[in-house]
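Read the single chain below, which is given as structure tokens and is the form predicted alone.
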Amino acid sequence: MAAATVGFIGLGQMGVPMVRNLLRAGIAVLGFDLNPQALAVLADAPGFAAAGEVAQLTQDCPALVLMLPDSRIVDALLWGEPPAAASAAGLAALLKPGQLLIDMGSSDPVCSRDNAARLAALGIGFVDAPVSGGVRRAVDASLAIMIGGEPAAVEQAWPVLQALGKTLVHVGSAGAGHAVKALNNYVSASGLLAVCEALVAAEKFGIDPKLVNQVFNASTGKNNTTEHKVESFMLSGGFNSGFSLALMRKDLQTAQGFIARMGTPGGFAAHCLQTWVAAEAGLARGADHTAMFKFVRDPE
């Protein structure tokens, strides 16, 4: 695999640094994105070539990576289903038996499981391998990658995934990676919301929220938000971590829907989602997810 060319669809904030790390690992990349400017960013990168149409990626690439926003777009690409398709029949009809599809976006786990079964019937392998760590860890190839799929398909994908992440965990069969990613973001989103509410209450009482956060980091309240987001992006007023509130809301919605379909308790997830939906409606379009602090502090 390391000597082969990997197809890569979706050259956004995460996709571009991921492609650069594949290139550093000696893996040539044939990339595609609907946005020509995204392709232009990588135009001079040794080992990178831009595809004029997505069908080109099915010709000489044993593995194709998808870094797309959600299952709706993935399904449209693969099967030619609404709202749009890359070709009349969809990408799946152009893939050849033995090729591998690696979905690294934040897709719905049930949709991923269904896609794996449909692709298997065509002789095409499928691995879901969503990531955690954001743009910063995409840049330095230290992403955490949650992997779902059959062992043979995961083994085939491993050289690609190793070039992109530091912690790789095969969590189960197809769809399991996307399930764990959604649940991870639920835990992250609920923790961030709890921190925001706690800091705002402390501030109203007259306590410096920076000092409160220092106590959290030395106590049992410590979490990813207190360690990496409060001072850098919240109390600073920057609200510029690079991960949008809309994407967090989407991932939380996926997690809440997944919990509901499993028939397990999900009251807290539903309540948490309501607050994130309200924040998205109440803040400016494109707001960073750390702006939840601003929404909690100034709800009007």
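Worth saying up front: this structure is predicted, and the values here are computed from it rather than measured. Residue indices: 1-based, along the sequence shown.
The same protein also has a form predicted in complex with a small molecule, omitted here; what follows describes it.
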Subject >> Interface membership of G47, the small molecule in the predicted complex, 4.5 Å heavy atom rule >> reply: no
Subject >> M14, heavy atom within 4.5 angstroms of the small molecule in the predicted complex >> reply: yes
Subject >> Contact label in the predicted complex: F239 to the small molecule, heavy atom within 4.5 Å >> reply: no
Original post:
Would A28 show up as a contact with the small molecule in the predicted complex if we use heavy atoms at 4.5 Å?
Top reply: no
Subject >> Segment assignment from 252-260, 268-276, 56-64, 28-36: heavy atom within 4.5 Å of the small molecule in the predicted complex >> reply: 28-36
**OP:** Could you check which residue among L68, L42, A51, L245 gets a heavy atom within 4.5 Å of the small molecule in the predicted complex?
**Re:** L68
Original post:
What is the one choice in G221, G191, G172, G134 with a heavy atom within 4.5 Å of the small molecule in the predicted complex?
Top reply: G134
Original post:
Looking at the small molecule in the predicted complex, is some heavy atom of each of S112, I145 and V180 within 4.5 Å of it?
Top reply: no
